[in-house]
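Here we start with a single chain on its own, the form predicted alone, put down as structure tokens.
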Amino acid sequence: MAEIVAIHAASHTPVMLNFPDAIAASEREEIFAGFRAMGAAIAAARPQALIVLSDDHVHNFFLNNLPALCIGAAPQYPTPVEHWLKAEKRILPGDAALGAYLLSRLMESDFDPALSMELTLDHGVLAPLELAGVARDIPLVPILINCVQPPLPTMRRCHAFGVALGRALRTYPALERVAILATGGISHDLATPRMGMVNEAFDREFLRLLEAGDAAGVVKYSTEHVHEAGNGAEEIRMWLAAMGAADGAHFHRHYYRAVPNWYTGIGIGEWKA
């Protein structure tokens, strides 16, 4: 049976790759060092597959077909879908068998995720992998959670999905070591007058509740206050799913900084015993 050997979470924004010089060199190096440390920790855990919890920024899906949850089950994934992203066009390896297994087990747990064998991944997946230095190294199973267009899955549902995901991974017989990377958020706003405003108070309280291990408190706070942190803050759903999968492991915040010139509150952390 598989062991979940690492569970990490990190913010993502294309601005980190496209406009790195928009912030001071000292701040940039601090943030990039945090991503490199995350990548080193993932590599040191020696996972045979990496589950990436992210969202699709209206690239693979649109209003004619917008699943709340989608599991990738392809042998490989082209990326990035954005022609403007300053990142190497590359093919990331996938683990189709693990993706199919998760789909089956999660349906047995009363979730109904969509399945895709033709995802082209965007910056939500590629940017953190690129900065962490592990892009192309570990077979992926992308799991996309709708954080873009209402109706969105509830915060409670996303946490429960993570619990079921963790259970499913721990029963997988074909691998011994798997890891999870949740990526998105924290506070940011896109294409509104608030773009560039970062709600540091929201971010710090969200991280504090994660550190306290208060799942009910995190869900309640996220549900009641996410609207104060910008439309991009809806991506904290991935962090809640990772918390569920962690099965009570303690969350360690490794880094946080409000970065208005990158439009985002940048957080990095992990769950471990």
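Keep in mind that what you see is a predicted model, and the values were worked out from it rather than measured. Heads up: residue numbers just count along the shown sequence, starting at 1.
The same protein also has a form predicted in complex with another copy of the chain, omitted here; what follows describes it.
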{"query": "Candidate stretches 130-138, 86-94, 169-177, 156-164 - the one whose heavy atoms come within 4.5 Å of another copy of the chain in the model of the complex", "finding": "156-164"}
{"query": "Close approach of Pro67 to another copy of the chain in the model of the complex, 4.5 Å, heavy atom", "finding": "yes"}
{"query": "Partner proximity in the model of the complex: Leu103 to another copy of the chain, non-hydrogen atom cutoff 4.5 Å", "finding": "yes"}
{"query": "Another copy of the chain contact in the model of the complex: Met107, any heavy atom under 4.5 Å", "finding": "yes"}
{"query": "Another copy of the chain contact at Met117 in the model of the complex, heavy atom, 4.5 Å", "finding": "yes"}
{"query": "Sequence-ordered residues of 36-64 touching another copy of the chain in the model of the complex, heavy atom within 4.5 Å", "finding": "Phe61, Leu63, Asn64"}
